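For this one, two forms of the same chain are given in structure tokens, first as structure 1 and then as structure 2.
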Structure 1
Amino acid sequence: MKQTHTPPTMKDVAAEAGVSLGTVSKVVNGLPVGEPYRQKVLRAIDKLNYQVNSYAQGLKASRTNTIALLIPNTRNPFFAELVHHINRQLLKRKYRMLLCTTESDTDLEQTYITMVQQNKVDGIIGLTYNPNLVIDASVPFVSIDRVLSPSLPCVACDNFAGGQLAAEKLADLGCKHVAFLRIGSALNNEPNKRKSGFENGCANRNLHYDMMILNDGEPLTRFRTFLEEHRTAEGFTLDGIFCVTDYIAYCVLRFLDELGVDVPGEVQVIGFDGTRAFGSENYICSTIVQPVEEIAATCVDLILQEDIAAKPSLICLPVRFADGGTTRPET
């Protein structure tokens, strides 16, 4: 059986260096001490392989340099990219990220909130779905995509402008009869504004549109049924489709292929998010791109600021259109 050794303590370092425990504490915590003593302590730390308990240090200082991130999952490419950029932003500032994947379970979201508060994190960034989330007022919290209260800042892309841009882009590309496809819940959040933005864009350009909105959990094959209904003997009656996520667009493109509908010849498709194909820099479809890096940087900037309650309750960042091959080239 392999023997385990007790890790060296500060007392062991002090004995090895021939200095007081207080001197070791000063060196470990970066406080001023005579250079000869500092060198003795550093040599002893190196010899004994003493590991500083930075978490315990943080608790004593009422800071742990740890930010918790609550995210529905990391399978969705948009969520995964968001995790990547938030982690990078925190590392730049010498902070650690505690990742909590909630699988969109509202009870689990509250469990994680309680857990990370007990672990003394310095703040929480959350993309959540629980309308009754209870958050300790002493813990800084930044929301993504949902305004929780006037005192908690929310960071989102300009979803209304994105929906409007999608409608106007389809009109500019010659579309006359378009469709809006969405999956979502009754929860009031910023992405819901994509619908009203799209409707506004259609009104501005006199675009006729149909809508198919599924509730969370409904089968995506209902979109296929909707598309089949627009497949007539004369051809496909839709010439443009806006999907409120790139994942929906990905599924719709597969359904259209199964129905023998040519994209972008017969119908043009625009998604939302800016998802890129695995292993390449190509967008999986023409899309409204969310500024993921800027969203991440803004969240981290906010969570690390002192007076977070004084910040705006909603910060909207601009979106842009990117051609991903499912729309015709602009003339």
Structure 2
Amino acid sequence: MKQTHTPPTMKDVAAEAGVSLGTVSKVVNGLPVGEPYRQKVLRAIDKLNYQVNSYAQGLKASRTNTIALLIPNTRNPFFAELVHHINRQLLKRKYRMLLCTTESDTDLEQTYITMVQQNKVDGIIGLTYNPNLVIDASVPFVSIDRVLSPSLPCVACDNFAGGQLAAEKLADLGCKHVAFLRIGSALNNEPNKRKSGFENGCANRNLHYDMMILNDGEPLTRFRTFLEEHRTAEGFTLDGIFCVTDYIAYCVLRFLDELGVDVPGEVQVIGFDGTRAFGSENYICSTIVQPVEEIAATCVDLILQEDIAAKPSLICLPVRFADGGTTRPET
């Protein structure tokens, strides 16, 4: 006699293991659960030959195929480029993007977290500076540039290597006395590592450096004052400047122009990000280029994974130097 099968359901697994349906669901989805419970569920799955994939399939069917992107704004060219590539990557995979320009509004960010919990979106990719954001471990969330929790993957460029590359490049270009200009942030974020990388690079090459750090909110004109102090009767006493972003480099180049200091003749300037005017033209300055397209692809790959908590908590993607006319050709 031929036996007919109905495939076992998650309910059958729960009954066999003597645990609740929620516990089975947690195990199947790789969420934290007490080890004895996990063992019971795994034994029951094994015994009943329960197909985890069919459940995952079921999950997929109830999906919205929508990922939310939280980003401070789209006016900053780096953010705009990021939005562009994440959008293209999602569309390629038939996913839609809910865009939320947060301007760092905590309530807005929290609203989107709630939407994931109510299954209105499948996950969130977020670049947030909000230190109070509450995200529980069940929310699929991929963070950009800031590690929010060890269970949530964070994607960034290799900021430390970028800072180091800037220092070494200035040394290669013949600089002897350089400066590092940045805006400080109390937050423990990835871009802050540019500083340590730069210091490391200067130490490696015995390169003397000054550092000027503004607090959030201080006027950028303080950089102008700093630069003015280095203009002496003998000329400009710095021969290289590393700015923590292209935006600061852009302002610094204006200040130097106003002060009559020639770039790259008297001083060479390197920024960070890889900003190009109109998205497809020349770099606005010599710069450490973030691999925006790869960052976008990695974020999208991660957020569409079943078991996001099992992924590495920090992925750093390689940067490179690009000449944008504010450094001299290498000899």
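So that the term is clear: the rigid core is the largest set of C-alpha atoms that superpose within 1.5 Å between two forms. The first residue in the sequence of structure 1 is number 1, and each one after it adds one. Quick caveat: nothing in here was measured; it's all calculated off a predicted structure.
Note on provenance: structure 1 matches the form predicted on its own. For residue 113, a C-alpha deviation of 2 angstroms or more is recorded between the two structures after rigid-core alignment. Shown in the overlay between the two structures, fitted on the rigid core, is a CA shift at residue 319 smaller than 2 Å. The Cα position of residue 44 differs by 2 Å or more between the two structures after fitting on the rigid core. Summarising the core-aligned comparison between the two structures, the C-alpha atom of residue 22 is found to shift 31.3 Å.
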